[in-house]
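As a starting point, one isolated chain is supplied in structure tokens, in the form predicted on its own.
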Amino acid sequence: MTTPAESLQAVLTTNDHLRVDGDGMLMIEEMRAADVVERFGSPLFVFSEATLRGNYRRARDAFQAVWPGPVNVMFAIKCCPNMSVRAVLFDEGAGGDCFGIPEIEATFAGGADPKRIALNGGNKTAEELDRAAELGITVNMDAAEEIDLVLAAARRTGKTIPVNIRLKVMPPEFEDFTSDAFPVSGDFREGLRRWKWGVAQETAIAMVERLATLPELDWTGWHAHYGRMSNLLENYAAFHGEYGRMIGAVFAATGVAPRVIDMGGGWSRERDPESRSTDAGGAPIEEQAATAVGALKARLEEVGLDPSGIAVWPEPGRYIAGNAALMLTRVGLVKHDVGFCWINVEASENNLPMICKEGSVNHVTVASGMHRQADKEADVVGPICIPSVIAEGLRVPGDLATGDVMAVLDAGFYAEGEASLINSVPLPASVLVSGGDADLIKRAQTWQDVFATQIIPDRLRRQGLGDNLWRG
């Protein structure tokens, strides 16, 4: 039998700024988790600034160690659309990947160098393209038909727009492919072909040739995105090897060399809940970078492309933000019946959608009394009207009680941004811890916020408790 402190220690990675003090209290940097909840409420996202900075630096160093040219580590803001998180990463020198006007504005509100930012998306609007042109960011084009749209934006704004082309990469090795994150097995190439993203090699050649005739558009290179489909190094090698082969083939056909290769995201982590297990983990980022870059470089060099003259742009969103946040939540009712124990907490799967949507398995622990023996098995569940099982069969101390605090690790990615309003439950606040200080970086919603965009027509209005909310 182990204690929660021992279980936590077994899963900590190099850049987790978590520890258990002598009193058995979970510490986030230099702050007690229970004190943060007392001050800011529950449930609560709590970010570690030191972990954000450390993850960025480690990713940057990993790619710089193996790529001879410039490296632009781009934070994919979709994984964590918090402007303070973006501000921390801008302070570190991070570039960024964004989609649509909201992510563009959030990226620049937190600070951004336009030369290190890319706009993605397969159906960009005129407003989005005009804003990209005004700011001077790169547009990753997803279709040959998009050239005319970007060209029109360049002419409307009088700006030259840098553009990349997204390739549809279908590695031959993926004929026999199994994903640990999604129910995918067998020949994955057909699935990739049917995905809406990217263009084929022949289409890419024609696009490069046309772009060479359009001075308003500055073609800088390529984009591809593997995503978090598998954390096996062999699959990173297969994808980026085929990506490099396609880049080389277009160069051989056109004679035009890229200045940028955007490697996309999907980089896994050493504690990797997407693998659907608390036991399995991804390779260190250094090994991922060496594997992917090695496969890419080999194919480029085969056709005489010099990597030292090309910048690589990896997009590690989940790697940077994933373990940088916990969700803290108070224990509510502890229920015993039919031979089971359920620990009801104030957080729910609507706050942690990766658990219910993709089957992620996060490490969950009590945050106080962590030196007690974990002598009881229980399911940790949220209050909403779906099963909302945050942890199944978790070992916890037998005297865990209402008011105690629990922590869900790896809550920094695809949580704030994908949270839902099921049961009209307001979304929680977010806090940034730096050493012994904490700042509120996103206030909790009220129930009025939940319904603030709704309008009851006068013909349906009835006097009631909510009448004043919608009157104005």
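Keep in mind it's a predicted model, so treat the numbers as computed, not measured. Each residue number is its position in the shown sequence, starting from 1.
In what follows, reference is made to the form predicted in complex with a small molecule, a form of this protein that is not presented.
Q: Among the candidate residues R86, R166, R330, K124, which is the single one with a non-hydrogen atom no more than 4.5 Å from the small molecule in the predicted bound form?
A: If I apply the 4.5 Å criterion carefully, the residue I get is R166.
Q: Among G282, G221, G317, G369, which has any heavy atom within 4.5 Å of the small molecule in the predicted bound form?
A: Contact check passes for G317.
Q: Quick check for you: of 222 to 230, 206 to 214, 131 to 139, 156 to 164, which stretch puts a non-hydrogen atom within 4.5 Å of the small molecule in the predicted bound form?
A: This holds for exactly one stretch, 222 to 230.
Q: Is K78 part of the interface with the small molecule in the predicted bound form - any heavy atom within 4.5 Å?
A: Contact with the small molecule, yes.
Q: Spell out, yes or no, whether the shortest heavy atom distance between W267 and the small molecule in the predicted bound form is within 4.5 Å.
A: Taking the distances in the predicted bound form, the answer for W267 is yes, it comes within 4.5 Å of the small molecule.
Q: Please tell me whether any heavy atom belonging to Y56 falls inside 4.5 Å of a heavy atom of the small molecule, as the geometry stands in the predicted bound form.
A: Y56: no contact with the small molecule in the predicted bound form.
Q: Quick one: is N120 in contact with the small molecule in the predicted bound form, heavy atoms, 4.5 Å cut-off?
A: N120: yes, in contact with the small molecule in the predicted bound form.
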